[in-house]
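Starting off, we have a lone chain in the form predicted alone, written out as C-alpha cells.
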C-alpha cells in the first residue's frame, strides 16, 4: 500500500538503496544532480543529501553544506555588529520535488526538516544563517518563511539562525 505524501520520512541519501533513475522535477540540472552527482558529494564530504522516498524511489531531495557570506553582502540591518571576516553559514541547496509529487506539501516538509537539522547542528557548530540560492519562480516560497533577500542578488536569500530559534 502506498504511503501518503505527508507520512513519508525524510532520510539521508543512500545511493545503493535509493532509486533516482526516474526522478524528474522539470530542471535538468537538478535531475542530473540527484542521478549523477549527489552520491559523489556525499562521499567527498561536500554535502549531505536528504531524500523523500516513495518505496525505494526518490521523489524529493535537498542538500546541506557549509558556506560563507561576506559581511558587505548582507543588508546593513543584519551586518551591524558582525566582524569583518567571512560569516559562517549553511547552504540549503538543490531542494527539488519530482513532477509526480509537486503540490502536495513536500517542499514545506523538506524545508522544515532542513531547518530542524540545522538547528540541531547549531548546538555544536557556530554559523549565522541558512543561505538559499533559489531558482526563478521559487523565491516567493522562501520569503513566506521569513527568508530575507541579499541586497545585490534577488534570488539569494538567508534566514538568520536567531530567527529560526525564535520561531
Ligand SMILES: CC(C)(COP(=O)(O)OP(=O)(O)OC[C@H]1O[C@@H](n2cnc3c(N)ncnc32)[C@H](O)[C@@H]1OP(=O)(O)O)[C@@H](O)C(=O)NCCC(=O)NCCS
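Quantities reported herein were computed from a predicted structural model and do not represent experimental measurements. Positions refer to the first chain, counted from 1.
From this point on, the text means the form predicted together with the ligand, which you will not see here.
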property: Partner contact for residue 30 in the model of the complex: the ligand, 4.5 angstroms, heavy atom; result: yes
property: Exercise: residue 40 in contact with the ligand in the model of the complex, heavy atom 4.5 Å; result: no
property: 4.5 Å heavy atom contact, residue 134 and the ligand in the model of the complex; result: yes
property: In the model of the complex, residue 138 touching the ligand (heavy atom, 4.5 Å); result: yes
property: Segment assignment from 62-70, 44-52, 122-130, 107-115: heavy atom within 4.5 Å of the ligand in the model of the complex; result: 107-115
property: Within 80-100, the residues that have a heavy atom no more than 4.5 Å from the ligand in the model of the complex; result: 95, 96, 97
